[in-house]
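The chain below stands alone and is given in structure tokens; this is the form predicted on its own.
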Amino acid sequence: MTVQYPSTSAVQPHALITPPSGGPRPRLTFLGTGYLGATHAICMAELGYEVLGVDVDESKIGKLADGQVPFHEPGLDELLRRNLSTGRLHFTTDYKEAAEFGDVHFICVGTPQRPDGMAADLSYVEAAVTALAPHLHRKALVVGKSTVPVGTADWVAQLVARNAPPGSEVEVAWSPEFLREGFAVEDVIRPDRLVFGVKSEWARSMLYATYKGVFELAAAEDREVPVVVTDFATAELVKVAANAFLATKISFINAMAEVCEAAGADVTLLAKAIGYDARIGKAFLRAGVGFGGGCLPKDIRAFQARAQELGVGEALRFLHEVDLINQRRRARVLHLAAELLGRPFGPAGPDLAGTRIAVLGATFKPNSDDVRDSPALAVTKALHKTGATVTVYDPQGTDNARRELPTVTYVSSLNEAVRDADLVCVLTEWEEFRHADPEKLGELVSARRVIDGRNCLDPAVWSAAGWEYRGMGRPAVGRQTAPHTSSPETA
């Protein structure tokens, strides 16, 4: 394994490699134009590459070709339209066209959790590879970006060998993605590291040429982009290991929130204190309703499943508890709701019939429209099952949330959501909610009660405005009774 810090001079030898298409830079295809593939395709075109996005979904391809990003990601719409107009970026449903066009083909399809267990479903990976490989009549590099179980890269190489035409000399590499929803454009153009899992010098040189634009931008900004060159297995494990670590850190502080609730302590101050320890750090130490999205939950489950297959399941047994802690924090909101509304909590949960609850947030995080495994949406569903009338407002995720949970009411503004509410639940930390005026909102609700499911509000400010405040892992704060405390830090 090697770690390198390419400068402008260091990039030049790798950039001199001639791509099989004969152009000055490799031509890139991205197989799958969901969040991962479309974001990379658009951003690599912005860096000056000729790019082709490929998908079997004609509707999605049609939208992208018309300049419409089919999901919310800040800044991506403008980049899409700009690079369509330059002619560097195109989209197609034709794998033969992709094979003839590209030098480097990135696998960016989904790897969801299998319906019959915790393992990852690799059928989309197999479909993309077997659709592309028969048309690869010249040398090319197939690069995995999707998050997959360790061992997948070797399997993909076997699929390519079986399906590609004889003598085509197609190679496989693995370069995992590290996108953060809401910051994905920056993560592609200015990554904090790149990982190249390769088996040949040619594959390594092609990847350096592929990312030459990234290195040149870093050099112009006087930055360095570390490159870890490694084997297939390590490259595959990097992403799932990173996600497992982040999930563990989030669940750790949520476990501490459970202890704080029992002991009468404040988890936000606890997190602040331990976050000053350089060995621990402040990031991902904000207690709340837990993590969600399309990556962490399914990735830690697939990691456990793969470890079991490898005979080392005991090594990742702790991830089962990480998952359980994450699920428990969602249920905690129901307990707080029953407490604030003065309803008993029975074996089947509380009966909140006759109450009106405003839910602020449906996405799993702000600056996204992604509701996959969203804690906010899971809590909303649970509140609806108690018999309460639930009204939801989210700045970007309403359409996706309505498809997942059509049985609650969705509105288009914060004020409309809280009007006549007996309880307000903040479940996604959108800036609009964090900076809302509790005095003005108090004039709209029927009762000033709030559950801060993300610990993103200032309890002193809200209680001074007459609200009963309940946070996650924080002492109860009544109306007009809270001493001033520091606002919780964001992770």
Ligand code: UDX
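Here the structure is a predicted model, which is why all the values come from computation and not from measurement. We number the residues from 1 along the sequence you see.
Another form, the form predicted together with uridine-5'-diphosphate-xylopyranose (UDX), is not on view; read the next lines as being about it.
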property	result
Close approach of Asn243 to uridine-5'-diphosphate-xylopyranose (UDX) in the predicted bound form, 4.5 Å, heavy atom	yes
Proximity of Phe284 to uridine-5'-diphosphate-xylopyranose (UDX) in the predicted bound form, heavy atoms at 4.5 Å	yes
Interface membership of Gly292, uridine-5'-diphosphate-xylopyranose (UDX) in the predicted bound form, 4.5 Å heavy atom rule	yes
uridine-5'-diphosphate-xylopyranose (UDX) contact in the predicted bound form: Phe178, any heavy atom under 4.5 Å	yes
Option from 110 to 118, 266 to 274, 245 to 253, 226 to 234 whose residues, in the predicted bound form, bring a heavy atom within 4.5 Å of uridine-5'-diphosphate-xylopyranose (UDX)	245 to 253
Heavy atom distance at most 4.5 Å to uridine-5'-diphosphate-xylopyranose (UDX) in the predicted bound form, all of Lys239, Leu296 and Arg454	yes
Arg329, Arg301, His384, Lys365 - the one with a heavy atom within 4.5 Å of uridine-5'-diphosphate-xylopyranose (UDX) in the predicted bound form	Lys365
